[in-house]
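Coming up is one lone chain in structure tokens, specifically the form predicted on its own.
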Amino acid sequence: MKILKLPKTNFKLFMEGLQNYGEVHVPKKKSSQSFVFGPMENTSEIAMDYLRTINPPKKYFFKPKDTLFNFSSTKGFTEVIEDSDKKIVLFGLHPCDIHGLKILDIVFGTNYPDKYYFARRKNVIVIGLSCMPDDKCFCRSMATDATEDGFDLFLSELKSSYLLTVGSSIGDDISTDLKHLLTEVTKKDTNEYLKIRKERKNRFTLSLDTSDLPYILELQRESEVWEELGKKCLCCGSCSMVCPTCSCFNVYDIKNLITDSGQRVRQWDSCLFKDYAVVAGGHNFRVNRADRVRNRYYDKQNGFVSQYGKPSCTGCGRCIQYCPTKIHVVEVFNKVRGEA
């Protein structure tokens, strides 16, 4: 691991230099309280102080709506992988979102690797960015508040510069190419980083006790908490759409008017939707809202843990911020524990 220093006076030139490696996408302000990742048109539009975007970075690899292949009665099947050759530099991912991508790598890479996901993944350069938490961040509880891998470059902000950590061979190529913009790290920089690190640690006000949580969830499958939550939850799927690790999808065909050709499409789905668990014959395993809500919580903190040894929640706070009925995931688990 190599660490260099990028003075803030050189930041604009640094961002412009990244354009040699692909189309640069950055966090941008959409409204007073919302941000999105989008193509950089000018360095002045980069929202360096953002905390979370509406849609997570997964949209670049696991598209909200994705054509898998075209078909026709005359030509048969023609595979389609949209944007498979498009080079992108994705700038500004916080540690929790980098962990989100690492979780998706497991989901789409285990047993039956998803070629659509990885065709895009290999062409994206990931550049991380440090952050200060707010009252919705509980990434420290999920051990996703920092990361030592999963990025090509990572910028940790100091007062007048950034510490630039090199995390891959392509990251090393970029740092070598732009070395005229970089300097060596001094003892003063190190001390400043340690001071900011301590301040960041003290900024966390929200925490989730994950110790023996899967065990408690097994004991609390019939808890009245889920019925209460089912009455409050709209099952709109907002939390699933903004979640950096939710990967449920539906597959369907779109046919032309004479039905001899069409497309097979994959689209984001949610286990909260009523028809998600419908099987042949019209039977629904989770017809009640309470069952669907419980299933989502169990998948994050129980099912994924049992299969991969860690939860699939990153503590980014998106589900808290964008739930229309203000359901608070940490408060839910505290109720399950009997602590609220």
Partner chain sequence: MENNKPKIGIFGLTSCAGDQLAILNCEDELIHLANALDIRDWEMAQTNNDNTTLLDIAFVEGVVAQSRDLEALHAIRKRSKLLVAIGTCAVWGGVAAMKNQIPRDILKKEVYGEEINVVDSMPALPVKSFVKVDIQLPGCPIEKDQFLQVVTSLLRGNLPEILQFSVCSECKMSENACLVIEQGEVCCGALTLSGCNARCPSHNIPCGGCHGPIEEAHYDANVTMFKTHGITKDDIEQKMAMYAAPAWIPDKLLAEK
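Since the structure is predicted, the reported quantities are computational estimates derived from the model, not experimental observations. Residue numbers count along the first chain shown, from 1.
Although not depicted, the form predicted together with the partner chain is the subject of the following passage.
- In summary, among the residues 135, 177, 212, 260, the only one with a non-hydrogen atom within 4.5 Å of the partner chain in the model of the complex is 260.
- Among the residues 157, 83, 269, 192, the one placing a heavy atom within 4.5 Å of the partner chain in the model of the complex is 269.
- Contact annotation for residue 55: at least one heavy atom lies within 4.5 Å of the partner chain in the model of the complex.
- Contact check for residue 11: every heavy atom lies farther than 4.5 Å from the partner chain in the model of the complex.
- For the chain shown alone, residue 253 is a contact residue for the partner chain in the model of the complex, at least one non-hydrogen atom being within 4.5 angstroms.
- Taking the partner from the other structure, the partner chain in the model of the complex has a heavy atom within 4.5 Å of a heavy atom of residue 34.
- Just one listed stretch, out of 226 to 234, 200 to 208, 138 to 146, 181 to 189, contacts the partner chain in the model of the complex at the 4.5 Å heavy atom level, and that stretch is 226 to 234.
- In sequence order, 267, 268, 269, 273, 274, 275, 287, 289, 292 are the residues of 265 to 293 having a heavy atom within 4.5 Å of the partner chain in the model of the complex; the partner itself is omitted from this view.
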